[in-house]
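Given as structure tokens, the chain that follows is alone and in the form predicted alone.
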């Protein structure tokens, strides 16, 4: 994940210098895979965001909020600056026909003009390796990289029936994604179609050419959705499509982020198209994300970390991270923020607190373990027999467990050897013959080999077999006294 330092400073003006910030990332948040310092004073971090935090840290706002809480510095919330004109009633219809779509937030915007983007938008996108396309598409990309909510825009006049239907594709249905070749879909894949059933979008992955924006586009439908992560991952893999939207959806996003993404996208369009006319937002949210609570104690956290953590330290962390909580005698109950999908059990909270305090504070003390070793008699006997024979100049061999005759037959076999061996002697004799042929090559004057293994006659037993010249001796492991 590429993060621009100047972009971060929009939200945390008191951010440390670049080199200091690199250490904070590495020691408290994630690995910095690379750092590129730019001539214009910007710097770009390539952060290795692991899947357990991908749902809230694959964005500049997500990383900025985390740093603000971690360092106890101010986070500048951009929401009050978003000025959206009063919206008008809408005729847009949204119909969700599959449970794999968890939320769909859409709105119509009229009287826009597709053109080039302001310089600041172009520079922001270029700083994270993206090229500018046009002001509307750039706005959707800014939202994706800024708050982490993928967004998309359709040409409204190409959407039949002024309706969006989110459904499973039909077997053999076809769509041509933007910048790609035609794809054949199946019923496991999810699409967004118009009122006449025409596929417009591979849901959560890539928009199609049917409703592509052009310079002639004047009316658009914006969408800010949420989808099942497993469905997105499987579909993208099957169609061989990799996008920034897919990367975020497959790691699971909170459906609660959808309205904010629409708010930010609308604000950007207002800035780039001052004459735009907005219609009411249509928000279809069949099953709301439930509020989650998590209980833990300071005593248990300390035990897990191997570090004494006080009630005050925990309260300080909870306040900095804006957790709503209750505390009584060292026992805490928090309301887990919707975006923090990684916090589910007490051990997750221990990891969170340890990460913030710094794992360098955990002393490398070897724990004292009192135990009485229980000796495995068979294993001990095998070691003794093996060492004895090796010291006497023998070499160990391993022969086949299966043979062409015996008392116990296996149900299925890949060869003609369908029986479990009843002795080690037969296999050892064959090995002696082969080794005698190769004595000159091995530089030896005689063959001295042994094997320790299981036989079935019919009871399972552990045997030892070794040769004395041409003669092979075989004994039960527990009777071996050579």
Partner chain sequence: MTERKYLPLKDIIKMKEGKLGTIHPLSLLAEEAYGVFAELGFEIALGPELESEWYNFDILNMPKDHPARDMQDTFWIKDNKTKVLRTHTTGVTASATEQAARAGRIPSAFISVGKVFRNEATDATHEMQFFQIDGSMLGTTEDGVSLANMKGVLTNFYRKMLGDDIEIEFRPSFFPFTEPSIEVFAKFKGKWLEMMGGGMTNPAVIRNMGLDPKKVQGFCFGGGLDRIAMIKWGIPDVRLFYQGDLRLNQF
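Quick caveat, the model's predicted, so the values are computed rather than measured. Numbering follows the first chain given and starts at 1.
The following text describes the form predicted together with its partner chain, which does not appear among the structures shown.
Engineer: Applying a 4.5 Å heavy atom distance criterion, does residue 393 contact its partner chain in the predicted complex?
Structural biologist: Residue 393: yes, in contact with its partner chain in the predicted complex.
Engineer: Give a yes/no on whether residue 313 approaches its partner chain to within 4.5 Å in the predicted complex, heavy atoms considered.
Structural biologist: No, no contact at 4.5 Å.
Engineer: Is there any non-hydrogen atom of residue 45 lying within 4.5 Å of its partner chain in the predicted complex?
Structural biologist: Answer no; every heavy atom of residue 45 is more than 4.5 Å from its partner chain in the predicted complex.
Engineer: Would residue 162 sit within 4.5 Å of its partner chain in the predicted complex, counting heavy atoms only?
Structural biologist: Contact with its partner chain, no.
Engineer: Spot the stretch among 267-275, 172-180, 396-404, 91-99 with residues whose non-hydrogen atoms come within 4.5 Å of its partner chain in the predicted complex.
Structural biologist: Single hit among the candidates: 396-404.
Engineer: Any chance 4, 193 and 297 all have a heavy atom within 4.5 Å of its partner chain in the predicted complex?
Structural biologist: The answer is no; none of 4, 193 and 297 reaches its partner chain.
Engineer: Have a look at 241, 336, 350, 128 for me and say which one sits with a heavy atom within 4.5 Å of its partner chain in the predicted complex.
Structural biologist: Checking each option against its partner chain in the predicted complex, the one that comes within 4.5 Å is 350.
Engineer: Looking at 184, 383, 84, 76 here, can you tell me which has any non-hydrogen atom within 4.5 angstroms of its partner chain in the predicted complex?
Structural biologist: Comparing distances to its partner chain in the predicted complex, the residue within 4.5 Å is 383.
Engineer: Taking only heavy atoms into account, state which residues of 445-473 are within 4.5 Å of its partner chain in the predicted complex, ordered by sequence.
Structural biologist: Sequence-ordered list: 449, 454, 456, 460.
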